[in-house]
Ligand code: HPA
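Only one chain is shown below, in structure tokens, and it's the form predicted on its own.
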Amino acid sequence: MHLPHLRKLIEGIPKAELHLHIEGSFEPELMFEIARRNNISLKYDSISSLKDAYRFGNLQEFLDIYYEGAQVLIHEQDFYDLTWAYLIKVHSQNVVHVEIFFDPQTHTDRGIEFEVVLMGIYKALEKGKQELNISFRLIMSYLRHLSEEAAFKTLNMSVPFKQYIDGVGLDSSELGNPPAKFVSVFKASAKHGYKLVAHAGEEGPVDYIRDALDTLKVERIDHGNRCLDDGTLIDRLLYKSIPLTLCPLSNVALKVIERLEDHPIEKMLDLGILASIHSDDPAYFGGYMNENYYETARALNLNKGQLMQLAINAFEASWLSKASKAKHIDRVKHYFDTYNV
């Protein structure tokens, strides 16, 4: 397919985004605007110098800048503006459902009230539902480089507001912080009615994927790149229809893979794994949903059938009702059936 046609095809696909860190959608322009509003100095003297810093050698180098940027978020309006900017962007890319992560510990550890963080994000999501017709689920992540005790404090903070939160996740520095470190807090989270997901097998080994399933009892794996290292695990993913939320441009930016041509998602699709494409931290990694779809399709020479399957897989993996999933999947199929190059 010619590249302009490929880009046009991708732009029109109805999409669900299931792996997005709202703090990672913080565009430099908005970051500087909020920093000025809150009278906070960034260590970068201009938007261009900040963008120049977006060349990461590994996950930790990215996290250092990610946490630096988050420091300017103080008031409910800041979190609202951050989330609304993301929704406006993805609405323009035909994203119709989002399941987004937020990292309360990044903010509560510097004295910001849990309610301030949560309600700023939630109110923007509600506005997006009403005005942009974007449905949503909200996932509270525990930072894995911190202790399980710290995660329990966050869980306890969340309980008075749990009607606003759909699930919990596990993110931040993967290496040296295995899933087993958080068994008790995940068990407690489930008792509060939260759905469970975890980042695993991005920088960490395939064992982390298996452990997230066995010890944390998660129903969805975020990333999961390394699953192809274990044939028994592949069989399990297939038998249980366990979803993987892949983030191709993120993988290249963080040196998880050297080139998009090396990305495992085509092999996953060929095997029948419930894999899908998402943007992770798009402000830092060079692209939102359309860019991730386009660059991956171009690098791997994906065909229309594979692109349709990726879009369907995302809705299948979502926390929407069966009826809503079916409605969206029908729309995806109709789009591809009627699309003419």
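Just so it is clear, the structure is predicted and the values come from calculations on it, not from any experiment. Start at 1 and count along the sequence shown; that's the residue number.
What follows is about the form predicted in complex with the named molecule, which we do not show.
Using a 4.5 Å heavy atom cutoff, none of 89, 134 and 278 lies near the named molecule in the predicted bound form. The chain is drawn here without the named molecule; in the predicted bound form, the stretch among 25-33, 61-69, 305-313, 39-47 whose residues come within 4.5 Å of it by any heavy atom is 61-69.
When you look in the predicted bound form, the only residue of 83, 250, 189, 225 with a non-hydrogen atom within 4.5 Å of the named molecule is 250. With the partner omitted from this view, the residue of 93, 177, 77, 172 that lies near the named molecule in the predicted bound form is 172 [heavy atom within 4.5 Å].
The named molecule in the predicted bound form is approached by residue 202, whose closest heavy atom lies within 4.5 angstroms of it. When the named molecule is considered in the predicted bound form, residue 121 lies well away from it, no heavy atom lying within 4.5 Å. At least one heavy atom of residue 254 is located within 4.5 Å of the named molecule in the predicted bound form. Taking the partner from elsewhere, residue 15 is found to have every heavy atom lying beyond 4.5 Å of the named molecule in the predicted bound form.
In the predicted bound form, 21 is the single residue of 4-36 with at least one heavy atom within 4.5 Å of the named molecule.
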